[in-house]
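Let's start with one chain on its own, the form predicted alone, as structure tokens.
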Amino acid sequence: MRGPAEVTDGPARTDAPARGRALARSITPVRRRWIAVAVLLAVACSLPFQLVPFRVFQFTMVMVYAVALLGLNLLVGHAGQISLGHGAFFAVGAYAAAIMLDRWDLPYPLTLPIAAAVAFVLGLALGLPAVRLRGLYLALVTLAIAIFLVPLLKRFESVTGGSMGLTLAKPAPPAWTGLAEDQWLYFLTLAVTVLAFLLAHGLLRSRVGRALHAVRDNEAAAEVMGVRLPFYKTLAFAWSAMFAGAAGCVYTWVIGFVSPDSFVVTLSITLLAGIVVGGLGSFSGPLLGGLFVMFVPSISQDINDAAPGVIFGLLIIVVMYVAPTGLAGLAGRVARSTENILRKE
């Protein structure tokens, strides 16, 4: 005969999978997304207390690149435009902050909105002629901007410091925080990153976001529906440049040094590769792209000191073969497959 415990345990074991499936159905995709964001923020807040200073610096730079890629994703992934000059706007934000700190001795927080505004205006100026261009022609124009920026920065030595660049003091942590310098810079960058993602999220859920998606999907149909193509294309360039300028400003805070050689055309190409690998049009793509831009070149250097570029290129090919829609698309497919398996059990 079976004992009482065995009799009562049988139904409990039978009902457990059903309860698990019911719980999985009750968690909507929106709730699941916010749960993932909350977990990610909790991990991010604990990270600087678990890692050595150099690793903290690396993850700080991941967030800097993520903010820059957020703007590029807005332009390329959501508006369907192309840009090979995003590194130029990144440099504009970095130098605007550096000049304000070095020449005018402005407070650090004040440099962020000003640097973003300067980049926004320049993006607006670039967006006006870019309205008449598309495809390869637009790519060549934006590439030209990234190419001539470096010699331009070197020419005005009295303002930009020329080839030697500008050396700046990093923001010091307040005594009441009890944080080390690397931890303080990490949390400053984290705050800017969260604000940037919230701003992008609100923008894409607004009328502007819907118009950008219409322009990306079919320009002729969007124009018939009343979408003003020149206005929204120009606005996409301006917003993209603004995020890049904000990222450049935070880069200046974190590095404490700017020079023209830090913003060569390779930076623009790397940023474009980062957002494509991360996932165009996805909300997590900029963060995954930031991880790729920060860590893959260093991994390539560790694998082969003689030819890190070759390893970097091969890794991009492998990622694109395994995940044609980017790492965000791959993660989404894995999550959906796991959910389907759980529902069938």
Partner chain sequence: MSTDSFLTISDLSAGYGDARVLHGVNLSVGRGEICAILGPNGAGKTTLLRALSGAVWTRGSVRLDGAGLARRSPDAIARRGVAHVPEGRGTFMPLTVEENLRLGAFTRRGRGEVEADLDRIHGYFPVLKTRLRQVAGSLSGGEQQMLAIGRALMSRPRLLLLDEPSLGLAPLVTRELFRIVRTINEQERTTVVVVEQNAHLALDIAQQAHVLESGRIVLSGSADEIRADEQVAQSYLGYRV
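Quick caveat, the model's predicted, so the values are computed rather than measured. Numbering follows the first chain given and starts at 1.
In what follows, reference is made to the form predicted together with its partner chain, a form of this protein that is not presented.
Partner contact region in the predicted complex: 208-216, out of 249-257, 208-216, 111-119, 236-244, criterion any non-hydrogen atom within 4.5 Å of its partner chain.
For Arg134, no non-hydrogen atom is located within 4.5 Å of its partner chain in the predicted complex, even though that partner is not displayed. Contact check for Leu199: no non-hydrogen atom falls within 4.5 Å of its partner chain in the predicted complex. In the predicted complex, Ala144 stays away from its partner chain, with no heavy atom inside 4.5 Å. Taking the partner from elsewhere, Ala222 is found to have a heavy atom lying within 4.5 Å of its partner chain in the predicted complex. Among the residues Leu203, Val227, Ile82, Val265, the one placing a heavy atom within 4.5 Å of its partner chain in the predicted complex is Val227.
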